[in-house]
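In structure tokens, one chain follows: the form predicted on its own.
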């Protein structure tokens, strides 16, 4: 942690370049080793495939007081969920709130199935989110609903705000210094193209909110509670920032 903190402190004074032009935006997959790219591309080698398979089982399992499964309402996920994850976070007209995919799944559980919501980062929620996300693999991210504008702007401000004991922002690393080396690793552009992802560091699948929390801890800032509006806003901005890039769920990262 001391070495990471020192590296971050060295990055902080570098020139700020602003948001990455659309023509220069690219998936973080391109900065990985050939071995990791091959692992991600091969469903037989991608460890996250186990989460997707369990998610398929949960998709077909009846739950709650309604005795219904996801499939009872939505049918075959390969058809009904195609491209859906590429449009989240999304504005929910019934509540007037912006929901990420995890929140939408839990909303369906409570409102449609009469089942309790799944805990954030629980295996079951990650299973379902991975399975739904898999159906959008290859689809371009299409964050275009104008009702998302306030959340996107809040997310942009959070992404650019310096915080924590190291006085860093997300933008300092991922907009201004992407492609440079930090502790021997290439600084990525941090596009959310593959969540939920399998990280070798975690030896597990995790959500985008978990990754954002990791970054905040690395900056020695107080992380937000899982499911908070701040995380949702950051997700909305990051998906807007990555608009047009193809979904890769479930991705593999170092």
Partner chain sequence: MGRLAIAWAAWILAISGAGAQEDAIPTSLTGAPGDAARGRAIVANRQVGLCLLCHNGPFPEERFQGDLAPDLTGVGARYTEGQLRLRIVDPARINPQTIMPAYGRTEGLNRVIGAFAGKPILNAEQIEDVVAYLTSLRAEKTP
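Residue numbers count along the first chain shown, from 1. Predicted model only: the values in this text are computed from it and were never measured.
This next part talks about the form predicted together with its partner chain, which is not shown.
> With its partner chain left out of view, choose which of 162, 112, 82, 97 has a non-hydrogen atom within 4.5 angstroms of it in the predicted complex.
Flagged contact: 162.
> Between 32, 190, 58, 216, only one gets a heavy atom within 4.5 angstroms of its partner chain in the predicted complex; which residue is that?
Residue within 4.5 Å of the partner: 216.
> Residue-level contact is defined here as any heavy atom of the residue lying within 4.5 Å of its partner chain in the predicted complex; does residue 206 satisfy this criterion?
Residue 206: no, not in contact with its partner chain in the predicted complex.
> Classify residue 184 as contacting or not contacting its partner chain in the predicted complex by the rule of any non-hydrogen atom within 4.5 angstroms, answering yes or no.
Close contact exists here: in the predicted complex, residue 184 approaches its partner chain to within 4.5 Å, heavy atoms only.
> Does residue 170 reach its partner chain in the predicted complex, with heavy atoms at most 4.5 Å apart?
It does not: once its partner chain is placed as it appears in the predicted complex, residue 170 has no heavy atom within 4.5 Å of it.
> If we define contact as a non-hydrogen atom of the residue within 4.5 angstroms of the partner, is residue 143 a contact of its partner chain in the predicted complex?
Looking in the predicted complex, residue contacts with its partner chain do not include residue 143, since no heavy atom lies within 4.5 Å.
> Where, among 194-202, 65-73, 218-226, 47-55, do residues come within 4.5 Å of its partner chain in the predicted complex by heavy atom distance?
Checking each option against the 4.5 Å cut-off leaves 218-226.
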